[in-house]
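Just the one chain here, laid out as structure tokens, in the form predicted on its own.
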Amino acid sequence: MSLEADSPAEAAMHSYYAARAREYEQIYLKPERQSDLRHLEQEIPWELAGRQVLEIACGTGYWTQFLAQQVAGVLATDLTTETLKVARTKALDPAVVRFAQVDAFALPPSLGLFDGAFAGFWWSHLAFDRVDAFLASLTACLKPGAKVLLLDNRYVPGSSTPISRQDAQGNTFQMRTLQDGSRHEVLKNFPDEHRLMQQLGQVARTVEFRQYDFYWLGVWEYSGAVTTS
């Protein structure tokens, strides 16, 4: 997970995930989330089976390892050096998986065009006024008709970190503590189906919102339209 340092919130996010890299995957050990995770670890690769997939904010490569079981190829991207270093230690077939350190808001044309894309736990870290900029960057790398999957958290009291504040634009934030005791304010939004439909309206031909106990999965097809910031 990473964000370009275009605002104080994004700079804080980048620093947080760099510091969290070595302990990041502990979040997947929460007992109450295991049933959802086992289901999604199979469902997501199946949805993208046989496609050339661009993965946004791959972080430590947790979801990359499952994508690699079904897709034709995956280019796993992130901006954070520390998380990519962990991802590259995973035993993944280099004929299927490649890594690239790039900014999700400025994906270079040299990456090529893809007929699939996946972003896990990235959408919730987008400030509302940055969604269009990200979609413009992403869709420039997609073929019309590409299938895109967005996986993210539902807010579940008792399992989710409490919301610490809300800004004037409606973005919400959490205070998180790492093992070294450092505390970090993290932008974390929890959009519902209606908001997601609105956000994807300019670029998605179809949108399906699937809700689980602790997560949601947005499955959409790129229309070929270009969004504007």
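When you see a residue number, it is the position in the sequence shown, counting from 1. Being a predicted model, the structure only gives us computed values, none of them experimental.
Keep in mind the form predicted together with a small molecule is missing from the figure; the text below concerns it.
- Query: Do all of 24, 59 and 62 end up near the small molecule in the predicted bound form, with near meaning a heavy atom within 4.5 Å?
  - Reply: Contact check passed for all of 24, 59 and 62.
- Query: So which of 111, 136, 102, 86 reaches within 4.5 angstroms of the small molecule in the predicted bound form, heavy atom to heavy atom?
  - Reply: Only one listed residue qualifies here, and that residue is 102.
- Does residue 217 reach the small molecule in the predicted bound form if we count a contact as any heavy atom within 4.5 Å? Because no heavy atom of residue 217 falls inside 4.5 Å of the small molecule in the predicted bound form, the answer is no.
- Message: Taking the small molecule as it sits in the predicted bound form, is residue 120 in contact with it (heavy atom to heavy atom, 4.5 Å or less)?
- Response: Yes, residue 120 is a contact residue.
- Message: Within 4.5 Å, heavy atoms only: does residue 79 come near the small molecule in the predicted bound form?
- Response: Because a heavy atom of residue 79 falls inside 4.5 Å of the small molecule in the predicted bound form, the answer is yes.
- is_contact(residue 28, the small molecule) in the predicted bound form, heavy atom dist at most 4.5 Å: Yes, residue 28 sits close enough to the small molecule in the predicted bound form that at least one of its heavy atoms falls within 4.5 Å.
- Can you pick the stretch from 32-40, 51-59, 193-201, 158-166 whose heavy atoms fall within 4.5 Å of the small molecule in the predicted bound form? So the stretch in question is 51-59.
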